[in-house]
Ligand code: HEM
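We begin with a single chain expressed as structure tokens, specifically the form predicted alone.
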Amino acid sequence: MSPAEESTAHGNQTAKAFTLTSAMWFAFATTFGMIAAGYLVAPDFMANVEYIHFGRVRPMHVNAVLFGFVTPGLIAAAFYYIPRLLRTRLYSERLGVFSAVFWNISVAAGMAGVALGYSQGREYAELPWLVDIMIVISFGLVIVNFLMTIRRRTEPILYVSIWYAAAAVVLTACTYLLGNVVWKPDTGALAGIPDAILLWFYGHNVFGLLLSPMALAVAYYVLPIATRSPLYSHTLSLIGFWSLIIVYTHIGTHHLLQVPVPTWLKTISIVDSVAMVIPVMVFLINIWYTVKGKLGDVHADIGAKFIFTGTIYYFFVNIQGSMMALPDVQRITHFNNWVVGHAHMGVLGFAGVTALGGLYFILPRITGRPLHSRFLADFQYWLVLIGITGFSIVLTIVGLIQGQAWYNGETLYRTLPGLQPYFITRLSLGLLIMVGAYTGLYNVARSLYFNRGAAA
């Protein structure tokens, strides 16, 4: 079936809705990020506007990236590939479109709540209690559509992308409920050390049990198709799946090595952080051997190009993450911009770039027409690649300067002036990412709704 016939037969309205959602929130999220970065260069920058001062716009940026841009982008791809891998129609396009609309309302409500000062003040768990409930309902709607489609399948074999996508949404709905302490709407938090442990169980699993498996699912689907190669090893893909679920779940406490958390829990988090090399390298060996000798095909497909770049970011973010979980390394790297650079490399570099690749791969297939502009997609690729890579390098350098200064007992007023050039560079690189986000929004919107190109 041709892409045009496929689009007519299946509608793809859900995939389209989540695609536009992701592109739109990417633009908003990077705008929030630019405002936050501006405060680091000029602390009085718009500081009299209470709705967007640093303490509010920073969590707006983080949550818009997590739940507005990256997750919907990966879900959009999943709503495309799940019916095709299962050889059936999506359980309900109507439910899917409703879930996308409700998702947008939930994220927008979260942004408004934080801007108005209604925040629970916990890392990655800042959104107000009512919005937490809405986010869980949003995941629930997606879960129903995923699982009911799986139930109605005509293909008996579950390809690994199905394993990853289904596990991601189910596990995240559970960890979100726990991590945001939804049974205590007055505070949204426990007290003391138990709250810190629970928070970082959730905070790290947002990446490990949501963004990572959803991104790997997209890579496992797109790259074999783009290179016309069979998956190198289905067995390795399942080893990678189970090792990721088992190992990643317990590493959040490595954020708490310098606080009075039980030693046995710290030990588990360090061991599992180092052991993350197993699921990561299993995936990379599997996917890189799949595309071995086919890099020309990867380069020719703009979606595959984004996704393959995402796998390279995945390699570096794993090496960095495993290393910084070691206590001797963490004495220098913790509580400074090294961690911020690591987070941007993982969320934007790996998961975000992979989400963009998924969107560009499915767009011609859900519209039945070629992309509005391959040039704009390539332009966005280079803006994002240069921006995120430079961002990560600059923040890593800043983190090392801060860590060494702290370790050697330097005073704050002597350290800050030396960081100013780096923060200006960071702002400039962030501008590239923001321009890339708006370029992508224009390209996606034109491809979806205003594309006059010939049918594919």
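All residue numbers are counted from 1 along the displayed sequence. Just so it is clear, the structure is predicted and the values come from calculations on it, not from any experiment.
There is also a form predicted together with this ligand; it is not shown, and the following applies to it.
Heavy atom contact within 4.5 Å of this ligand in the predicted complex, the stretch among 172-180, 187-195, 104-112, 208-216 | Heavy-atom contact with the partner occurs in 208-216.
Any non-hydrogen atom of His255 within 4.5 angstroms of this ligand in the predicted complex | Yes.
How about Val70: is it within 4.5 Å of this ligand in the predicted complex, going by heavy atoms?
-> Because a heavy atom of Val70 falls inside 4.5 Å of this ligand in the predicted complex, the answer is yes.
Give a yes or no for Glu93: in the predicted complex, does one of its heavy atoms lie within 4.5 Å of a heavy atom belonging to this ligand?
-> No, Glu93 is distant from the partner.
Considering only heavy atoms, tell me if Glu123 and this ligand come within 4.5 Å of each other in the predicted complex.
-> Result yes; Glu123 sits at the interface with this ligand in the predicted complex.
Interface residue in the predicted complex among Pro364, Gly346, Pro128, Pro83, criterion: non-hydrogen atom within 4.5 angstroms of this ligand = Comparing distances to this ligand in the predicted complex, the residue within 4.5 Å is Gly346.
Which listed residue (Val282, Met276, Ala226, Leu383) meets the criterion of a heavy atom within 4.5 Å of this ligand in the predicted complex?
-> It is Met276.
Heavy atom of each of Ala76, Ile302 and Thr311 within 4.5 Å of this ligand in the predicted complex = Result no, not one residue of the spot touches this ligand.
Contacts with this ligand in the predicted complex - residues in 326-349 whose heavy atoms fall within 4.5 Å | Contacts from 326-349: Gln330, His334, Asn337, Val339, Val340, His342, Ala343, His344, Gly346, Val347, Leu348.
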